[in-house]
Structures are given as C-alpha cells and as structure tokens.
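Okay, so here's just one chain, in structure tokens, the form predicted on its own.
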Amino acid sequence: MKKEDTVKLISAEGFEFVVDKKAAMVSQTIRNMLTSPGGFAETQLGEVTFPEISTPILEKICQYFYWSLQYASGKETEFHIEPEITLELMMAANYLHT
C-alpha cells in the first residue's frame, strides 16, 4: 500500500493508527482536513492529531471506519460497543461527524 493511500491518526497519548485513506474519509471532519485547499499540515503530511481523543476511543473509531465501509458494500454485521466507552465514543463521533 502506498503512503498516499493511507492516513495516520494520532491519539491524545501519541499512539499512531495508520488506516486506509478511504476508510478515514468516512469521517466528514477528517475528509475536510485532508482535502481542504490551502496547504494545511494535515493535507501535506497525511496525518491528523486528535489531542482530545484517547487511544482506546480512537482505536474503536478506526474499527468503525472499516465496519462502515463493509456495511456500505452490503455486508451487514453488528458493530459492538462496550457500554463503558459509549459516552466518550459518542462525543468523539459527534466531533468527527461519523
């Protein structure tokens, strides 16, 4: 996979998730960050830092991106969310417009 086909998402703790750009584009916020004209660092570097999103939450969000692509292609499976992370996950999802 080519570097330009991936994007690096960085959690508040500095953990890096390298995901397919197509999967990351599930998020309207990330899509805007990566495709906006004007030479933004996110566009140039292909990485986005989320200082307010913890590693476990960002990991679950990355899992959701891939699940969403599968669901859109007709593969209907359940996406399990642990009850103890629901509130924090909803707040992150709201920010990311997913």
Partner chain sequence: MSSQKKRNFKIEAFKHRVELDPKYAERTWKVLEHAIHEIYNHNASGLSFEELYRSAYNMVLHKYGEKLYSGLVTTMTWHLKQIAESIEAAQGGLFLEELNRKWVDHNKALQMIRDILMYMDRTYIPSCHKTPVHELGLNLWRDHIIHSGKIQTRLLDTLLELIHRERTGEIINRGLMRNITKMLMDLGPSVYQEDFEKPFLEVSAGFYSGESQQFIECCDCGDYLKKAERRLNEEMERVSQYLDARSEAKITSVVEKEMIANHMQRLVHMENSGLVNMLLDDKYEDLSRMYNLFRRVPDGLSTIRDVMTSHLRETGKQLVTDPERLKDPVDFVQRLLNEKDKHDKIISIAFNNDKTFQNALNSSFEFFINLNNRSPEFISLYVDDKLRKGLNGATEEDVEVVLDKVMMLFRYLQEKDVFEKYYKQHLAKRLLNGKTVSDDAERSMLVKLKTECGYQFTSKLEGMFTDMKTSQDTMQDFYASPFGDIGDGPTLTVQILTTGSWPTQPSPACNLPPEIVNVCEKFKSYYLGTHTGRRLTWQTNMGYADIKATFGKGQKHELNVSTYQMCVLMLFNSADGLTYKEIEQATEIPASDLKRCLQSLALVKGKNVLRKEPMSKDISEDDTFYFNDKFSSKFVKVKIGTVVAQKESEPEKQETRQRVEEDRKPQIEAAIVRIMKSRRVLDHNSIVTEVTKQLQSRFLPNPVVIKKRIESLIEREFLERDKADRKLYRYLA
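Positions refer to the first chain, counted from 1. Everything numeric in this text was worked out from a predicted model, so none of it was measured.
Form predicted together with the partner chain: not shown, discussed below.
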Heavy atom of T29 within 4.5 Å of the partner chain in the predicted complex: yes
T6 within 4.5 Å of the partner chain in the predicted complex, heavy atoms: no
T49, heavy atom within 4.5 angstroms of the partner chain in the predicted complex: yes
Proximity of L89 to the partner chain in the predicted complex, heavy atoms at 4.5 Å: yes
Heavy atom of each of F40, Q44 and N94 within 4.5 Å of the partner chain in the predicted complex: yes
